[in-house]
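One chain is shown next in structure tokens, namely the form predicted on its own.
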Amino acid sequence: MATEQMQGETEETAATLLLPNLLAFQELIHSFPEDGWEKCWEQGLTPWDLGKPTPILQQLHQMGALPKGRALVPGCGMGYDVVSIACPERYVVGIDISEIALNRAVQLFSSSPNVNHFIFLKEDFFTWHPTELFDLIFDYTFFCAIEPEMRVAWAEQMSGLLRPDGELITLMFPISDHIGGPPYKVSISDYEEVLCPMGFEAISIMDNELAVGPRKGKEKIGRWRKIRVNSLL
């Protein structure tokens, strides 16, 4: 009981410490709609950055439970998730609009043992048209970062980037009732409303038991398959 109480106090403290940075980050994003994300990296206001790979994604990789082939991490930041799942059987592309974040990612991982199995690109997710599609896409703190009215465009681009029968993994955060953002509140139905019309079906939606710190209890992991549509022509 004492351990659980201590853990709860630690998480509450983490949430309290995060709040000033979160408010400053939100003010910066809304003050500079064109390059707010770059300014956040410049000033170190990156409350979404774990500073390490996402635990649940790393566990799925270690269990061999992720699709092989080509993978995409949009809004990859400093690239922890990109590098953590890159391997000879999976080539991972990380994209971001922040040049600062990508430069740091390259500096941090340029000597990684699996450096031949990943790449970082400065691209706008919504306008990017790669020459090859992906077997896996991982979305975390990206869906919640965009304006809610952009979510339909998000789903359309996800559908356009993923191969038929490919898998989209969404770490749904923050599941809450707060006002404003980013991060904007999300719910399972928010994802269903935009993904299902694009031909996605949910494989599973579960609580993320490996969510970190103050994110515990506010995250679910959704695994979606893009349904292969057979032409009638």
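Worth saying up front: this structure is predicted, and the values here are computed from it rather than measured. Start at 1 and count along the sequence shown; that's the residue number.
Beyond the structure shown, there is the form predicted in complex with a small molecule, which is absent from this document and is the topic of what follows.
Does the small molecule come within 4.5 Å of a heavy atom in each of Trp154, Leu195 and Gly222 in the model of the complex? No, the whole trio is out of contact, none within 4.5 Å by any heavy atom.
>> Given a 4.5 Å cut-off on heavy atoms, tell me which of 158-166, 85-93, 140-148, 107-115 is the interface stretch with the small molecule in the model of the complex.
In response: Of the options given, it is 140-148.
**Asked** Phe125 near the small molecule in the model of the complex, any heavy atom under 4.5 Å?
**Response** Yes, Phe125 sits close enough to the small molecule in the model of the complex that at least one of its heavy atoms falls within 4.5 Å.
Non-hydrogen atom contact Cys76 with the small molecule in the model of the complex at 4.5 angstroms: Contact check for Cys76: yes, within 4.5 Å of the small molecule in the model of the complex.
Contact between Phe32 and the small molecule in the model of the complex at 4.5 Å, heavy atoms? Outside the cut-off, so no.
Please tell me whether any heavy atom belonging to Asp190 falls inside 4.5 Å of a heavy atom of the small molecule, as the geometry stands in the model of the complex. Outside the cut-off, so no.
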